[in-house]
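First, one chain by itself: the form predicted on its own, in structure tokens.
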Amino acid sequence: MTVKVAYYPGCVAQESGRELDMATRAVAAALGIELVDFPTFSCCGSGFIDEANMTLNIALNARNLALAERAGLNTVMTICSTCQGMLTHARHTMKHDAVVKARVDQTLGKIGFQYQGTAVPKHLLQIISEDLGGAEMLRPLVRRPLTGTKVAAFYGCHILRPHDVMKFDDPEEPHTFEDIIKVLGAEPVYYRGRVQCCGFPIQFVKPETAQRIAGNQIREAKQGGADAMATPCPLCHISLDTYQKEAGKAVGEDLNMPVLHFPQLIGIALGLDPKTLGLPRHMVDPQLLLNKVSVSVPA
């Protein structure tokens, strides 16, 4: 089964987190997902533009969705929970708020766009769980089972909440990520922080608080026996991986926890090359996890 989607990588995956884009493209090819690139997609606003001008943020994301519609594509695939949240919020607002919709329609009309409502944003996690048959579709593709490892999913905020807008999984007790972890051969770690904030939204305003939040989440996963964490959000990855040294200092512990992007975890189990998955780019060496499945990360 092949699924053709408009690919919305977001900003981080195109710059500091290029390993996420690398892994996504490799895994998408293995899963039969055809990615259509749109160089003129704009940033989703990441929640910051929304705070200053909500209508502008809706317009930016409605335009992104309209670009996919114009190309005849009904699914916009995201790989960032925050992008998923912003695009879904825009779609929901255009559907339920006539005043904002009128303003956005007027604005987009000036540049020749109109969002009809047919293009739907879906995270890669959702596409696997909802469109490709669920976690079980991965089982016959697994070439390198993650047997003997424990992986802690970190959902973060935006892919789950607000639930009346996102309409994905259970915001308090989700299971879709853990379902996939099990099929890949690993044991999922259940811990309270998996559905809480990573601290990124205040990283540049209250860095000490942000790092303490991230440190607490990592420490809890570690206490649960996790060999690694995995997240569907590159902003969460920044908090948990890039700032892990600072997070460890904030909670007074050497955390040393590998943190994988969601498609990287899948790619390892599918037997894909670690370099192709961008694993050498991580701040915390993922070799700590890969030793358990006899894989080496190239220098």
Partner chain sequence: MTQVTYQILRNDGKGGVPHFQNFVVEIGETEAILTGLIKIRNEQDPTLAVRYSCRQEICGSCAMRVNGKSRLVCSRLVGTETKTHNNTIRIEPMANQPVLRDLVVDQTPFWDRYRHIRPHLILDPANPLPQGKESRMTPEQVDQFRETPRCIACASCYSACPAVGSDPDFLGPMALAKLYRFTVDPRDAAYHERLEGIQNQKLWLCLRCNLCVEACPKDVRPAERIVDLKRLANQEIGKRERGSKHSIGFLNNIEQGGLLNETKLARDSLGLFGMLGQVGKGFQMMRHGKSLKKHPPIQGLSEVQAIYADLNKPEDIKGRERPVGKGVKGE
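Numbering follows the first chain given and starts at 1. All figures in this text were calculated on a predicted structure; none of them were measured in a lab.
What follows is about the form predicted in complex with its partner chain, which we do not show.
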Considering 157, 189, 135, 146, which brings a non-hydrogen atom within 4.5 Å of its partner chain in the predicted complex? 157
Which listed residue (30, 54, 251, 36) meets the criterion of a heavy atom within 4.5 Å of its partner chain in the predicted complex? 54
Residue 47, heavy atom within 4.5 angstroms of its partner chain in the predicted complex: yes
When the contact criterion is heavy atoms within 4.5 Å, does residue 182 count as touching its partner chain in the predicted complex? no
Taking 4.5 angstroms as the cut-off for heavy atoms, does residue 59 touch its partner chain in the predicted complex? yes
Non-hydrogen atom contact residue 117 with its partner chain in the predicted complex at 4.5 angstroms: no
Is every one of 12, 103 and 206 in contact with its partner chain in the predicted complex, taking contact as a heavy atom within 4.5 Å? yes
Can you pick the stretch from 119 to 127, 161 to 169, 138 to 146, 218 to 226 whose heavy atoms fall within 4.5 Å of its partner chain in the predicted complex? 161 to 169
Sequence order please: the residues of 182 to 196 with a heavy atom within 4.5 Å of its partner chain in the predicted complex. 195, 196
